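Shown next as structure tokens: one chain only, the form predicted alone.
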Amino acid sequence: MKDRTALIVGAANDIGGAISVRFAKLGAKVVLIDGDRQRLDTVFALVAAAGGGAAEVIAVDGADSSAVKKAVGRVVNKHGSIDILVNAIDHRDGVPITEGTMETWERSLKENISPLVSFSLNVIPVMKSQQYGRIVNIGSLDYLGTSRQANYSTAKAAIFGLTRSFALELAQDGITVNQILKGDIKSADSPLSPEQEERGAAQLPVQRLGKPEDIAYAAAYLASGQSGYVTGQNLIVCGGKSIYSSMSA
């Protein structure tokens, strides 16, 4: 990954931040992208402290297609290439069916899917021109369908199909497309009380909740040059939850 240019979309959340730090430690030139400039600056400081590759910040609304196009063009003009795209945006906004409206459904799809598609469509031509690329989508086990958040699960299910479809079309261009399906991750984005954390950990085979770094390690492999024979896959990082859980609870 050394000297590769990596766009981390959703870098302001805990998982995106952990991925950014990990990639920088491996020598990548990391471009941190999100709409929250203040949190991006915090992540930038962590990346800089980690050493390794260079880092920069671009604050942009992923739902604004023209702004996304300009941001991608800015990166290409500066670095000459984009080798890695990580789509780590995650808006966990699920509501029970009886409380949902068309607005909540449309917002969930727009916030979880639109930035991923927009950045992918702008980055893919760059990767095709260089006959190399790694796209890593961060999804969730909730794509299987979970109670009281059908809108969120639907958005995550869309990423499953998108990942496989993109992989089929892009394989001959040297571009791999994979997804990480995260399980129960402890982060500031999903705060838990000590009791909730203990109860959640007890339900998992590994007896602990995941950390953002667990997702970052998996992302580093899928974004590396060593994963060229892996595409269209969904790597489940869940502490064993998927082995026994029906996800219906």
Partner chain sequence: MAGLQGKVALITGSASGMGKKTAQRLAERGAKIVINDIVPGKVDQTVQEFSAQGFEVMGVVADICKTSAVQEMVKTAVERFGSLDILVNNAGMERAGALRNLSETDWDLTVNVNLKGAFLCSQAVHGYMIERGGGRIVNIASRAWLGGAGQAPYSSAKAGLVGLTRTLALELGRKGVTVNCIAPGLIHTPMWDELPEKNRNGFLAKQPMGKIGEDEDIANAVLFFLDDEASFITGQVFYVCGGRSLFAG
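Numbering follows the first chain given and starts at 1. Keep in mind that this is a model prediction, so the values were computed, not measured.
What comes next is about the form predicted together with its partner chain, which is not displayed.
- Screening 200-208, 65-73, 45-53, 30-38 for residues having heavy atoms within 4.5 Å of its partner chain in the predicted bound form returns a single hit, 200-208.
- In the predicted bound form, its partner chain stays beyond 4.5 Å of every heavy atom belonging to residue 12.
- Though the partner is left out of this view, residue 184 does reach within 4.5 Å of its partner chain in the predicted bound form, counting heavy atoms only.
- In the predicted bound form, residue 171 approaches its partner chain with a heavy atom inside 4.5 Å.
- Among heavy atoms of residue 176, some come within 4.5 Å of its partner chain in the predicted bound form.
- Contact here is defined as any heavy atom lying within 4.5 Å of its partner chain in the predicted bound form, and by that definition each of 167, 232 and 238 is a contact residue.
- In the predicted bound form, 22 is the single residue of 11-30 with at least one heavy atom within 4.5 Å of its partner chain.
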